[in-house]
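Next comes just one chain, in structure tokens: the form predicted on its own.
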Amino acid sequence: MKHKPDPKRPKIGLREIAAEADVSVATVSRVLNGNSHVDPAIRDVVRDAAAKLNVDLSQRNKTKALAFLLSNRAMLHSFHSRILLGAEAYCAAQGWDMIFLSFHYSPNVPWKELHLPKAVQRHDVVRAVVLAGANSANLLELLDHKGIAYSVLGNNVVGGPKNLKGDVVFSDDIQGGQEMTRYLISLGHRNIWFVGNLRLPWFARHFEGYSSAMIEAGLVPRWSGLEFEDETEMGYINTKSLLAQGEACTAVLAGNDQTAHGVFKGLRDSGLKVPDDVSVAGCDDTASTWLHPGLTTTREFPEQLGQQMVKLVLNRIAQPSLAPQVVTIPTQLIKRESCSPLLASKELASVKTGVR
């Protein structure tokens, strides 16, 4: 039986909320529509007034769409494409839509001078943002000041996400770097080099795990990090460089699989075989189907990362007062043919002459 509304109970609308908050009806409307020009303090006053009147502002906005914002990365980057797939699938399962936006910006621009895509600034178009790609503190500060809900892939925030109002999802690549390095050490390797650009956070976190495991074993971390925009070229040039210097090397840990691909090429062009002469390991498991021999790597779970990022941001929409949430997704060590046990004779030869 359908219940009729109580005629004695007055209908609460924007005018009543405005009176409770002591602001104009237009201001309440702007808060409801997510207008980014409303002062955050006034926005909080309006939300508090609505809560006192038992009005859920989130239910008054019928928009059910999120923006997937890919920052400073190629649109077809395989890892982030899989994050998008996971995010879209979770959105669809919850009855939400997702729009894809590519956004390029400088990390050196003050947050007040950044210009967000117009759709992100329209609360009547999208309710919140899922941030992938490579991000910097200035964009996160801008979203915080504009009161735009977001979740972000923490691994790719330059300088690390600190004091954020948004939610963060990590892939545990620090632990992954530790596990992979310990595995190489268990195979007898001692002259293990890390290849990657440590100015980029996803390489720096993996290197942190590698360094921890090396020091734990009484070994000296060794790094080759000539910087190239193309990650395959970076792996190739750094490998050729350390070999040209006659460095002792029996194993290379690359910061991701694209870099490991370049390491493969650099070793082969130097007349060396993987893993007979040098073992090679990667991180992210995006190149396993086309590298030969099969690449030992740290498997991450990008689809799960995307799902968790959407889950957190939907929770944020439903409960804006929640404290910032942090979720970490474990990684998995995948052993393939690119790594092999080290013979004592080969270790001695590498120390004396390098691996050339």
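Computed from a predicted model, the values in this text were never measured in an experiment. The first residue of the shown sequence is 1; numbering continues from there.
There is another form of the same protein, the form predicted together with a further copy of the same chain; it is not shown, and what comes next is about it.
Colleague: Using a 4.5 Å heavy atom cut-off, state whether K265 contacts a further copy of the same chain in the predicted bound form.
Modeller: So K265 counts as contacting a further copy of the same chain.
Colleague: Do Q258 and a further copy of the same chain come within 4.5 Å of each other in the predicted bound form, heavy atoms counted?
Modeller: Yes, contact at 4.5 Å.
Colleague: When the contact criterion is heavy atoms within 4.5 Å, does T289 count as touching a further copy of the same chain in the predicted bound form?
Modeller: Looking in the predicted bound form, residue contacts with a further copy of the same chain include T289, since a heavy atom lies within 4.5 Å.
Colleague: Should L70 be classed as touching a further copy of the same chain in the predicted bound form when contacts are defined as heavy atoms within 4.5 Å?
Modeller: Output for L70 is yes: heavy atoms within 4.5 Å of a further copy of the same chain.
Colleague: Can you pick the stretch from 132 to 140, 150 to 158, 92 to 100, 205 to 213 whose heavy atoms fall within 4.5 Å of a further copy of the same chain in the predicted bound form?
Modeller: Answer to the contact question: 92 to 100.
Colleague: Quick one: from K118, K112, R199, H145, grab the residue that has a heavy atom within 4.5 Å of a further copy of the same chain in the predicted bound form.
Modeller: The residue from K118, K112, R199, H145 that makes the contact is K118.
Colleague: Just one of I185, V125, L219, L164 has a heavy atom within 4.5 Å of a further copy of the same chain in the predicted bound form. Which one?
Modeller: Selected residue: V125.
Colleague: Is it true that A41, D44 and V55 each have at least one non-hydrogen atom within 4.5 Å of a further copy of the same chain in the predicted bound form?
Modeller: No.
Colleague: With the partner left out here, which residues of 130 to 155 have a non-hydrogen atom within 4.5 Å of a further copy of the same chain in the predicted bound form?
Modeller: Sequence-ordered list is empty.
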